[in-house]
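As structure tokens, one chain now follows by itself in the form predicted on its own.
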């Protein structure tokens, strides 16, 4: 599948108010594992992070957690992962997750999920990596963000090419198909030859 062996999943450390969020996290974790794709995530057991990792493990998948020492000290680390890498801080965590993953997907979550998503997507635009970045939309959760991104295109702050590079899906099968068909955009500041 287009070189996708592991996918970094960004999602909430809270469960959210809609049971559909946990259902989606379960579906994604299980489907990735079923396709033989490892899960890379923040290493916690709380919220949707715990749900997606537990689903992948239950389906026989490999789950790689990367967690800062401070969150281990707060007893938030998942005890049953294939691999749990403890790092000094959030900056190292994000870099290590990006190194381990061949693609990225954001499920519903809060500010931390947005921050991780935007960093991975910005790195794609700058050519720091050539990996797909996706939003997994559950019941319209990401629609206000997508409208804002479209507004950035209209205002001249985001090229349509890069807006189009952000995958938006609503099912695990669509996610896998989009990753399989992935063609990266030309980086924003690429030199013409």
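Residue numbers count along the first chain shown, from 1. Quick caveat: nothing in here was measured; it's all calculated off a predicted structure. In this text, the rigid core denotes the largest set of C-alpha atoms whose superposition between the two forms falls within 1.5 Å.
Absent from the display: the form predicted in complex with a small molecule. The rest refers to it.
K.L.:
When the contact criterion is heavy atoms within 4.5 Å, does residue 85 count as touching the small molecule in the predicted bound form?
P.N.:
No.
K.L.:
Would residue 172 show up as a contact with the small molecule in the predicted bound form if we use heavy atoms at 4.5 Å?
P.N.:
Result no; residue 172 lies far from the small molecule in the predicted bound form.
K.L.:
Should residue 100 be counted as a contact of the small molecule in the predicted bound form, where contact means heavy atoms within 4.5 Å?
P.N.:
Outside the cut-off, so no.
K.L.:
Please determine whether residue 78 contacts the small molecule in the predicted bound form, using a 4.5 Å cut-off between heavy atoms.
P.N.:
Contact check for residue 78: no, nothing within 4.5 Å of the small molecule in the predicted bound form.
K.L.:
Inspect the rigid-core superposition and answer whether the C-alpha of residue 75 shifts by 2 angstroms or more between the shown form and the other one.
P.N.:
Comparing the forms between the shown form and the other one, which are aligned on their rigid core, residue 75 does shift its C-alpha by 2 Å or more.
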